[in-house]
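First, one chain by itself in structure tokens, the form predicted on its own.
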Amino acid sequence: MATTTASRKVGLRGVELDVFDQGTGAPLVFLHGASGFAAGAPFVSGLTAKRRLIAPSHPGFGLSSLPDWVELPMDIAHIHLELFDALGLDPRVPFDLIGCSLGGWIAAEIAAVVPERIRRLVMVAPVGVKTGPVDRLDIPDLYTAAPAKIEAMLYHEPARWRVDPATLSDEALTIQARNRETTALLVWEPYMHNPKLMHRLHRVTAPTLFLRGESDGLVSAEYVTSYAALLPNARVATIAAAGHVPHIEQPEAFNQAVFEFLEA
């Protein structure tokens, strides 16, 4: 198979997506979480070493445009389905899909709509469904918590991953602000879930692996277990010494878990 390289802009019916597309082999689609996609993250090279990695920045994230009609993760799911066609992914050949946090929600929407297109599915600390009592949040309120508390929820070692805003470029600060604004738009109401999604997940036919960092303070073990139970063929695994972003904190363990599952 041919090798593709780096990032490019892809126009889709009025939406312009920034798409990372690199590596050789069968396609592996990666859908990022609220913090966006960073091509230089250590886990990326481990994935591109074995597969063609396709990682779009969702509308409103990174350098991708945000049309005024995008309001829900389901809207983004449909945009990405257009993207897969534009990139020439054969609809007759299922591909592997990884979704992290908010990206896991989008991945779940895709897998429920077109289950025949997904070969294997990896859900990394996903949100998107409501599994607990109606009078209690399944996912802690990020918009009222202090920054230090949010760091503790996201990382096993918060101090190691703390970034001084003064060291960031104007472009990086703008992207960071766009990512936060778009996340709020997508998850605010109803908070962190689509009430209809849990009733569609029985349609997912792909074997599914749910991955969670053992120190994740945002997505609990109980929530992940309940989420996985909504899919017909899913199991849960835990990555040690990691929080909500195990692909960032433990890239080698993350890639090992992913490929053991994809190549099984």
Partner chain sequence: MQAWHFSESAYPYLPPDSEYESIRVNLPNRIYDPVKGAALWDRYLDEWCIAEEEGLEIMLNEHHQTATCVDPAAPLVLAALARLTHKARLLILGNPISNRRQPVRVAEEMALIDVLSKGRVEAGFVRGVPYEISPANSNPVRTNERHWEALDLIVRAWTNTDGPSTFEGRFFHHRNINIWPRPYQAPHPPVWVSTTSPGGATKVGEKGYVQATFLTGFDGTRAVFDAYRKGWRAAGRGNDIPTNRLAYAALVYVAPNEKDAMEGARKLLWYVTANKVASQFANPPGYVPVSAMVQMARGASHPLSAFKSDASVEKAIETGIMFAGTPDQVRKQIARFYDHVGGFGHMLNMGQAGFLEHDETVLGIKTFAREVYPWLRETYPGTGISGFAPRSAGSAEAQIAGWKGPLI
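Since the structure is predicted, the reported quantities are computational estimates derived from the model, not experimental observations. Residue numbers count along the first chain shown, from 1.
There is another form of the same protein, the form predicted in complex with its partner chain; it is not shown, and what comes next is about it.
Taking a 4.5 Å heavy atom cutoff to its partner chain in the predicted bound form, the contact residue among Ala86, Leu168, Val114, Ala152 is Leu168.
Think of it this way: in the predicted bound form, its partner chain has a heavy atom of just one of Val70, Ile239, Ile54, Val204 within 4.5 Å, and the residue is Val70. Between 228-236, 38-46, 212-220, 61-69, the stretch whose residues reach within 4.5 angstroms of its partner chain in the predicted bound form through a non-hydrogen atom is 61-69. In the predicted bound form, Asp90 stays away from its partner chain, with no heavy atom inside 4.5 Å.
At a distance threshold of 4.5 angstroms between non-hydrogen atoms, Arg119 is out of contact with its partner chain in the predicted bound form.
The closest non-hydrogen atom of Ala146 lies within 4.5 Å of its partner chain in the predicted bound form. Interface membership of His78, defined by any non-hydrogen atom within 4.5 Å of its partner chain in the predicted bound form, is ruled out.
Along 175-192, these residues reach a heavy atom to within 4.5 Å of its partner chain in the predicted bound form: Ala177, Arg178, Arg180, Glu181, Ala184, Leu185, Trp188, Glu189.
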